[in-house]
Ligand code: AMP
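Below, in structure tokens: the form predicted on its own, a single chain.
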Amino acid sequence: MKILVINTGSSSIKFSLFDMNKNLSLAEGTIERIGEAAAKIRFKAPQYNIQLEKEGNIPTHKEGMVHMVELLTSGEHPVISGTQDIDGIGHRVVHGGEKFHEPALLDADILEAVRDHVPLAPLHNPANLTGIEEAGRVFADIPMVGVFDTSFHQSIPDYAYHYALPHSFYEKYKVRRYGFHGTSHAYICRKAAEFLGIPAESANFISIHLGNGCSMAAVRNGKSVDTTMGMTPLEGLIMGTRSGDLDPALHFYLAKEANLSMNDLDRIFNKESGLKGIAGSNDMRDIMAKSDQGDPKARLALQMYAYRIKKYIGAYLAVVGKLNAVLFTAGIGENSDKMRLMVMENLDHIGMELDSAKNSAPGSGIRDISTSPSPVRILVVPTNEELQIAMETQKVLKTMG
């Protein structure tokens, strides 16, 4: 079975093609800057030694979908002979609200429900819908499945997802904690359980996704019971450009004292804060280098970033109870041994003992970086959200017979 995974942004399309019989990625690519003067295109198919980067005129997502098909079917060694070789398409959808606890076969009713959730994710769901609609035109007879970032966190109990606000806000406007990065958290928890040789349905983890966006999940008996992101991706950890947790009264204070509008505050908290706001860059590698050179703001940014994660580890240990492992994933979590060291420093008193040599040793794939006697394992687990979406899509298609 061949599954095409599509993740559509406001000006981009990211895609991956998987052979699920072999659990193998056949090809992947990105089309960025759609609608600009020159779209940027990257494509690779390792089994044919194909790797290209070029620019092209792609004014809309419709042309982007057509170009994606051309990349997969043209050239001296086409990856597939035509769209008929594709058995199903999995779409990443950011927000499924309370309606979607599982992936869903996309039809008119499901698309309308996704559209109803646009107010909850105004920057993401419209782009996801565009991708679904345009893919439906290009791949007219191929079944499509929506996989929702929020669905993994729908197991969070009501006392953890409610905010202490008038209950009418929840009833009328669906104000509550939803959480994000669910596809990543689900994937690494499953892989960690396999690695440790324990049933996924009885595994207890603290899952830490550290990229430009960052989130943590408390996972008890294989299910998410709390997560750091809230109704929006702004809450929780310090991120590349997002502030994470704030005193809500800051909005009122800054609006008055700095004469800032709500739009100004939205832009500042989401795009100009976090690591960028503190150290002037949202690239962890740059900040690490500046810190090594003695830059006090870079050092402060790293300390704040690690401290926020450490605080949530303590909180989630209380939530989860007997813990099997702490899991690090995504760009920073997988690649920054220094940040992992800063986060796990002095946590041996709660059973989390990092092995410095294992932590700093180069490696790929899932690996254990804790000491042999550590009661709680500390794992680096590379994430693969695209493969998780492909697996979820395959599961839905199999139920269709």
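As the structure is a prediction and not an experimental result, all values here were calculated from the model. Residue indices: 1-based, along the sequence shown.
In what follows, reference is made to the form predicted in complex with this ligand, a form of this protein that is not presented.
- Residue contact check for K297: none of its heavy atoms lie within 4.5 Å of this ligand in the model of the complex.
- Among residues of the shown chain, M284 is one whose heavy atoms approach this ligand to within 4.5 Å in the model of the complex.
- Mapping the unseen interface onto this chain, I332 counts among the residues with a heavy atom inside 4.5 Å of this ligand in the model of the complex.
- In the model of the complex, at least one heavy atom of S336 sits within 4.5 Å of a heavy atom of this ligand.
- Residues placing heavy atoms within 4.5 Å of this ligand in the model of the complex fall in a single listed stretch, namely 211 to 219, out of 211 to 219, 263 to 271, 225 to 233, 111 to 119.
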